[in-house]
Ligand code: PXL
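Given as structure tokens, the chain that follows is alone and in the form predicted alone.
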């Protein structure tokens, strides 16, 4: 029998029957990048490639039991968190991951679908900021999510700029913030990584035509996978963006809605040089 065991990454996320985003997207990405995925269901969604029609949050005890069962059996090298579904889910996951402070945690704050369907209440967002951000190694909001997370209605008359958003998220306790720029009105997509010292890294990408289902899940899971394999955070962030961009370049449209990233583009690539 082979002696190698791929590093395990545990993802907490909601299901997506299209397998374009959510838990299934995490599993595909982690597998494509050489990790063994461990999958804990937080909610069940009713959705297609156009948008989310409804979702059912899972009982928090079931979330904890799923996680504890695999964590007592298999050592994990990284955590990834996606859609949470309820305040109770936030509390349950925060309790579980608090027992593993040395395991890197990548948080993808899924607040709405690509179509704009609301997936998180303000109460859930507050719970996320209070209980999960202080345990987070890296949070990966898009620009809309960053502004919503950072907005302080008590002092802000308008949404803060993205640099201020990053500073506020860092003040909430996370170590790093990667704000993605696909939702900005710019010629290129500019993704910016911030840490305690301010802006650390900016990577610009050619803006691709169309819209994509699961790009954020792909990016966050790819970062978790690469960190699980020993890459430092800066390297993981850069390589994960490259992987995500190539997945989007190879995306396909199986239904009537958004394109779905091809996380196994490399397996279909017959050009040895580009592979």
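Given the structure is predicted, the values throughout are model-derived calculations rather than measurements. Positions refer to the first chain, counted from 1.
Although not depicted, the form predicted in complex with the ligand is the subject of the following passage.
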| request: Tell me the stretch among 221-229, 246-254, 60-68, 42-50 that has any heavy atom within 4.5 angstroms of the ligand in the predicted bound form. | output: 42-50
| said: in the predicted bound form, does each of 14, 110 and 119 have a heavy atom within 4.5 Å of the ligand? | reply: yes
| query | Any chance residue 83 has a heavy atom within 4.5 Å of the ligand in the predicted bound form? | reply | yes
| field | Interface membership of residue 21, the ligand in the predicted bound form, 4.5 Å heavy atom rule | value | yes
| request: Quick one: name the residues from 208-233 with any non-hydrogen atom within 4.5 angstroms of the ligand in the predicted bound form. | output: 213, 214, 217
